[in-house]
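Below, in structure tokens: the form predicted alone, a single chain.
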Amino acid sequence: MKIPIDDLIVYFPYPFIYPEQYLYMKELKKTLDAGGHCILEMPTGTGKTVTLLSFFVAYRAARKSIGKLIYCTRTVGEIDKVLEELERVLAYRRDCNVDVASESQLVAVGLTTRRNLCLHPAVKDSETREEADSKCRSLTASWIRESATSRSSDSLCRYYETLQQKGELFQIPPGVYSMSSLNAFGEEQGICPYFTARRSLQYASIIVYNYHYLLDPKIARMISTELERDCVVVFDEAHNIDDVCIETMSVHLKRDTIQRCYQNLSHLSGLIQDVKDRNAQQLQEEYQRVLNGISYLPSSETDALSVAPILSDSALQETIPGNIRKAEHFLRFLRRILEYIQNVMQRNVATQETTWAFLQSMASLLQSDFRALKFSSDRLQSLIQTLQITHLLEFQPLQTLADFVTILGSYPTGNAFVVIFEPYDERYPSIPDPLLQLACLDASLAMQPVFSRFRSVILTSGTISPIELYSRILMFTPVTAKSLTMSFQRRNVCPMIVTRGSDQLPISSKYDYRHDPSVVRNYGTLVMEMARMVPDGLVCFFTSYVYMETMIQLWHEMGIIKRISEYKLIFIETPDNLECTLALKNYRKACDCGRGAIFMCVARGKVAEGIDFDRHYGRCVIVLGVPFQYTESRVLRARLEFLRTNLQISEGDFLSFDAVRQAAQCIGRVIRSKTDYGIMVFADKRFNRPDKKNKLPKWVLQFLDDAHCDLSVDMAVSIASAFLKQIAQPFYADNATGVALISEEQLLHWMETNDKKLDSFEYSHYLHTSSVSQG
């Protein structure tokens, strides 16, 4: 269908559109017309991806000044989903004969790690990403290729060699390239899919890759440096983007890392001596390059796997200090740093210092100024390149140390970072496990370069409420910030807040309550009753692994687990990826065969973040407790202090915001389309407080009537039973036309009469529509 958005015609590859999709396009147009950034929350399962892609392709065709679309996701599966939707959009535009000449030249490519985009058996069978990167370098590094006797040598990668033979001007044919199609094209042409995708970033119109390719400076400076300013950047599922930013800028050192760093230094010393004996000119050339102020630049695209984690361009232009220019001097410099850090790790008490205080205490042992610290990563990369080291995995500990001191030297003052030492994990105080953390507290450090570099940045998700806090935490002013509601002809979402058991005693995961026998029993009764009544799949989220294990043990002692298993098979998420994958597979089998199953998992875990329980796999989700972060964490306390001091965000506001967005992410797993339905249970008395309830996404609040709040377990079971009976009644899709589904004719008619009618599809309208359809 054709959708007019002001002066723009969007070709949408479906015969109907949801009202929220139309409103989403209008907000996108406001943002791109203004050349600014935005935050948009669109309900889960309402076609956010296809809406955004349809709009961008149309907008780019009409506005030739717009650059590429850079679509950032979290997983490989999501990359493929985006490219699959793009193929559908482009196919529909071809069927409509829209701008065929231009779009026939369009290239869209997905980029991920070598491990997923490699055809060489030795690389693609690697167990980890780091191992795959290291093996790839051993086959493609410039000095390996120069020393090979022939291009067909077994020591080289024949796929990369074939790509090199095609020349720098080689381009992949126009089309949409997912992971599978890239690998198939590489197999057909005999070329490397990974480096083909890397090179295509220069001319591709649409790029889909992971967040870290833009947010992590170690990767962004190597992959994304040539992207022009006119690009439009989309961060999908951006509800945790502040955590991603902080993670990319933080570095952790453990005792094992330090020990392996000493081994790395000894190995490098031996290699330097070997080079001196064989070809001293090699080291002299490197020294001359450093002396002339030339920072580390890889000779080939295959030589570098990461660069220094420095964000400031001015720092990159400075001359490397004299005390680390020579290779031997640099290793002594790193050894002195190691000695100091090793002394720190022998402490018996936890400490927290500013970066300036940590540097001051290091000064006496370092015997040099702090300026040399921020060049450590680049200097190490230069040395590794000079020594022609191929197996970088062995030197990963030393690279981690170099990253630690590079960031430390780059931000010697201010309170954006803090150095925290913990002699043991507080959960296991009897086991020594020293950990030194350079913790980033300011999420905007990673995002600000993206905001300043690109024309428009769009943060979007189905659970990104409350929106106003994101702009404060990331320190930017959005052109548009809006949360959209969901249109339904009948009420197929049933959220409830359960605050007490059938015995009227309050339920909560609060530490003071969680081990109370009445709380444990009431939580177990709630899960058991829902398992008895809800068909097919039920998903139950706990606040942590420890809490889940404790509750399951207590339920077992009370006989609750036995009674639950009479109604459904029980599967449990574990931290092990293989076990979790197997449990999910068997959970789906149990749902498919009609036996029914309950999956017990953890908020903030793998299941909560990336697994969909659509259709019969998730007819009910229960969140047992408010998933607050571990408030005794020193890193969290330091971040809360930073937010309070610098951004005037109180501790309570941030903790509530973070907990509620995690709970919303959990309940969003069960609604993946308009035809889906499910029960959502928030089981904790604290969810009924305004500071928690009002932070839920707008599309959840629109269905959360007062009658569904402050419920007891038996009341919740009664409401759920009535909902399931109502949803089981015959329903025809035609009934949704004009309310939840809008045809092209209806859209044009409404726009001719009053365009504001669509804008009125807000909270009160949806409530009215839902109540009418139920009646």
Partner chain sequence: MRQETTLLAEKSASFHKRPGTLKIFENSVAWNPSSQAEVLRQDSVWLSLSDVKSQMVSAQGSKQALLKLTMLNSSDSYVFEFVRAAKPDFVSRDEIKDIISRQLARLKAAKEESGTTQGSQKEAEDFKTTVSPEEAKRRLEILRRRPELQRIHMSLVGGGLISDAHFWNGVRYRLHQSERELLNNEEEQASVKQTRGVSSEILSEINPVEEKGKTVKYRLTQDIIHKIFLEDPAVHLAFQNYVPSKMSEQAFWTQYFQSRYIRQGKKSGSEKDDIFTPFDSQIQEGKHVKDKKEILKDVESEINLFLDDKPYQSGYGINEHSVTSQIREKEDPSLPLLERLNRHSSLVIEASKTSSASPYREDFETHATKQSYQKQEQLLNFPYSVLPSVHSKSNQKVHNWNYLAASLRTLPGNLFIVKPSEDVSRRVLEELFDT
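Residue numbers count along the first chain shown, from 1. Only a predicted model underlies this, so the values are computations on that prediction, with no experimental measurement involved.
Keep in mind that the form predicted together with its partner chain is missing from the display, and what follows is about it.
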{"item": "Asp705, Glu130, Asp658, Glu651 - the one with a heavy atom within 4.5 Å of its partner chain in the predicted bound form", "value": "Glu130"}
{"item": "Partner-contacting position among Leu366, Met345, Ile552, Leu331 - heavy atom within 4.5 Å of its partner chain in the predicted bound form", "value": "Ile552"}
{"item": "Every residue of Asp125, Val546 and Cys580 near its partner chain in the predicted bound form, heavy atom within 4.5 Å", "value": "yes"}
{"item": "Contact flag, Asn279 vs its partner chain in the predicted bound form, heavy atom cut 4.5 Å", "value": "no"}
{"item": "Exercise: Arg689 in contact with its partner chain in the predicted bound form, heavy atom 4.5 Å", "value": "no"}
{"item": "Any non-hydrogen atom of His556 within 4.5 angstroms of its partner chain in the predicted bound form", "value": "yes"}
{"item": "Interface membership of Ala204, its partner chain in the predicted bound form, 4.5 Å heavy atom rule", "value": "no"}
{"item": "Residue stretch of 156 to 164, 524 to 532, 562 to 570, 643 to 651 approaching its partner chain in the predicted bound form, non-hydrogen atom distance within 4.5 Å", "value": "562 to 570"}
{"item": "Stretch 202 to 235: residues contacting its partner chain in the predicted bound form, 4.5 Å heavy atom cut-off", "value": "His212, Lys218"}
